[in-house]
Each structure stands twice: as C-alpha cells, then as structure tokens.
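One chain is shown next in structure tokens, namely the form predicted alone.
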C-alpha cells in the first residue's frame, strides 16, 4: 500500500513540473497508473496530469501527427488518424497491449516513461522516428525517442514531464509492420521487432529496424538497417534478408530470465527480422512510386 502524504492535480505541464519539484520528499507523475498500482513506488506525493491538457491526438494539414502523453492505449488503437498513419503500425501495437481494461486506462506516456526494455509501443515509435516533447516549468525541448531511454526504468526526464510524441508526415509514408513473441496474449513480450521502410522506383530508401525486450533499452538495429537501405528490391533475396536478421541478432543484448533464455531471444530476433522485412517488401510493384504504407 502507498503511504501518500499528498495527491496533487496539475492544470498544465508547467504546473505539473513545478508541483513535482516543490517537494518535500519524493514524487511521481500519474496518468493511467496501471504500473504504479501494480508496483507501488516509495514516494510522498503524486502529481496527477490527467487535467493538464495532454490527451489530444492532432494531425496537421501536412500529415504530421502529435499524440499527447496522457492519451490512452485504447484511443491509440481506435483513433482514425493513428489507424491511417504508416499502415496503422502504432494502432496495432497499442491494440496488443494487455487487455481492454488496461488499454482503457494505460497511457502512451506511461508506457514510455516506465522505460521497460519490453515497452510495447517503443519499437513501433522508434521505427517511425518518433520525437519526444519534454516540458520543464517554463520551457520545452524535443529529442529523438532513441535518446530518451538511458537504462532499464531510466530516462532523461529528471523531474521533467513528457508531454507528447510527434510523428512526421515522412514517416507516415513508410511501409511498416511489427511482430511480437509472447507466452500468452496478455504477457509482456519476449521479443519485439518493428520495421518501417520506404521504396521509391524499385529501390529501398530509409529503413528502420527497431527491437524491444532484447537489450537494456528499446533499440534500433542500425547495422542491419544498413544492409537493406539503398538496395534494389531485385537484389534483396531471401538469403540477403536472412543475413540482415542475423546482423540484427548480433546487435541486441538479451538476458536470461524465467520467461526465456538470451540465446532463444537472440535467435528469434533473427527469425522475426527476416520475416518482417520480407513481409514489408512483399507488395504490388505498382505501389512503389507512391511509397505508401503497406
């Protein structure tokens, strides 16, 4: 049980950070609270951000997308703007998080700020070059999501607040797919692989291969990406894709635990990377010039 001394409700991002830093003692932010109630932290107060205006999903005329940190996973899974973005990669990832009661409460910000290696949304967001917007009391900065995680359950926030995630219109055009391996539908992932790439005139352009549950933090397999980027579709044989999968497997750093061995996780990274790349490349050639999402 929590031994809270105070429950604070913030009306804006800046106010939330000010409340967090006011003390005395240790505080934590709360939105959905699904992880906090399962694993209560040692803290003196919480700062509720549900009334801080951070739950909007906004699309720009150019096709960019901004998702507030307090947006629930259910809203991510069902929002038309997110459904259409990069073939619905993020919607699919959200739809497979836990069960319906969890998705109705848990938020995108909580999923990322808990900074678990198995964070369900992180690989999809990394594959889409997501940018984090972080608020201080009277300022705001942005940084790539790949720089957000600093270790298991550690981020760059240091008392600041994640206010939202931005996705570019360029990322929306990528052909994007993901696969996750679990012991059961509601269990955390043993291995996650997300791929997003573009194809123009029969040649692969930008490639992102993101991995989860196989390193201290969600990560990109950049050496594997380099094996595919710039290549002609006709040159990407099954053997070439298998090689890319093996390279991705060599880049990760999984652990042994009660769910799976490191050796198994690493092997599955190779298998899933090969399969997801093959699926992402298997579209009607007439679509190539458009570079649309699969």
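Positions refer to the first chain, counted from 1. Since this is a predicted model, take the numbers as computed values, not measurements.
The protein also exists as the form predicted together with a small molecule; that form is not presented, and the subsequent description refers to it.
Using a 4.5 Å cut-off to the small molecule in the model of the complex, each of 32, 96 and 113 places a heavy atom inside that distance.
With the small molecule left out of view, the stretch that reaches within 4.5 Å of it through heavy atoms in the model of the complex is, among 219-227, 168-176, 79-87, 113-121, 113-121.
At the 4.5 Å threshold, heavy atoms of residue 132 stay clear of the small molecule in the model of the complex, well away from it. Of the heavy atoms in residue 49, some are within 4.5 Å of the small molecule in the model of the complex. A residue is said to contact a partner when one of its heavy atoms sits within 4.5 Å of a partner heavy atom; residue 105 meets this definition for the small molecule in the model of the complex. Residue 74 falls outside the set of residues with a heavy atom inside 4.5 Å of the small molecule in the model of the complex. The single contact residue among 206, 190, 157, 215, judged by any heavy atom lying within 4.5 Å of the small molecule in the model of the complex, is 157.
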